[in-house]
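Below you will find one chain, with nothing else, as structure tokens; this is the form predicted on its own, and questions on how it binds or moves follow later.
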């Protein structure tokens, strides 16, 4: 791949599926057998973006928006209906060996490890598939196991591992060939908070050590905020935002949350001149304050009220994303 060439380029990427239409019931089944009807469903439509080498990019959208379909096209599992696509200098749909050695696709709801065998056995099979010699395989397993905090778990049957341990073993198996491009589809799906944090730390560390390019989908916004400075937003198969997460948050939320704990209770009316009162419970008050007036408002609150504790935060990003996708849906219907 020539220097300064983007790692991933998509131009007008589209995918349309032809699906059969069938009415319910016995008569519907007979009609379906005699005269089958079809319709075209556009899963992805005209998506374009560029991702540079070493970037970690979040790919967000509601269920059915086209995220997984896009990742499958990027990894060559399905062919695009239209548009141009380049990953690591290759056309993914050709599935060349040299291309497959550069990428990996990890899906949180799928597994490659053999259920009744220890992960180490499946990992060694992967090493043989990629032609990695025994000494190098041992070194890479040791390195990745240390990064993932895996030890004895590699020697137990997969069915006896917790979900978090299984996901970390899946990552080790998927990254053994040291890919330059990681397509991660819900890698922390179903994990508890501690396991999610460990997987995030590992991915950030892997990116730093090997300069890997990462495209990550997740319904846990903690994954995105912890790992990605840039986000792509997709809705009903169309990309409608490509930019910095921080800039998007500022645009969506021109206010901050100010949480107050007071020595004594005050009526809600006492706080309404400082911002929007989100909640008011005796000594606890939560205000939404315009970002431009934040400093003067906090100073005024500290002067007027006996404040025990004060905390300033951005509104939860999950709420911002939910409102954004809801607005996009309303716009599509208009």
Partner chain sequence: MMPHRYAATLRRFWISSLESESEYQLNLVLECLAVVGNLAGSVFVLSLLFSGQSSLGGWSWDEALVVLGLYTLLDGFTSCLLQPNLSKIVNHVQQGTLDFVLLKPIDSQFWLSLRCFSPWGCPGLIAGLILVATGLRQSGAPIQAHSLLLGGALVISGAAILYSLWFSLAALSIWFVKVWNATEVLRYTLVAGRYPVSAYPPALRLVFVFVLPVAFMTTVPSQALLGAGSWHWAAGSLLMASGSLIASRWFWRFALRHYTSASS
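Computed from a predicted model, the values in this text were never measured in an experiment. Numbering follows the first chain given and starts at 1.
The next section is about a form of this same protein that is not shown, the form predicted in complex with the partner chain.
Remark: none of the three candidate residues (181, 199 and 228) comes within 4.5 Å of the partner chain in the model of the complex, counting heavy atoms only. In the model of the complex, residue 114 approaches the partner chain with a heavy atom inside 4.5 Å.
Though the partner is left out of this view, residue 219 does not reach within 4.5 Å of the partner chain in the model of the complex, counting heavy atoms only. Using a 4.5 Å cutoff between non-hydrogen atoms, residue 125 counts as a contact of the partner chain in the model of the complex. Contact check for residue 240: no non-hydrogen atom falls within 4.5 Å of the partner chain in the model of the complex. Note on the interface: of 190 to 198, 143 to 151, 90 to 98, 228 to 236, the segment with non-hydrogen atoms within 4.5 angstroms of the partner chain in the model of the complex is 90 to 98. Between the options 209, 139, 110, 264, the residue in contact with the partner chain in the model of the complex by a heavy atom within 4.5 angstroms is 110. Listed residues 85, 258, 103, 171 were compared with the partner chain in the model of the complex; 103 is the one with a heavy atom within 4.5 Å.
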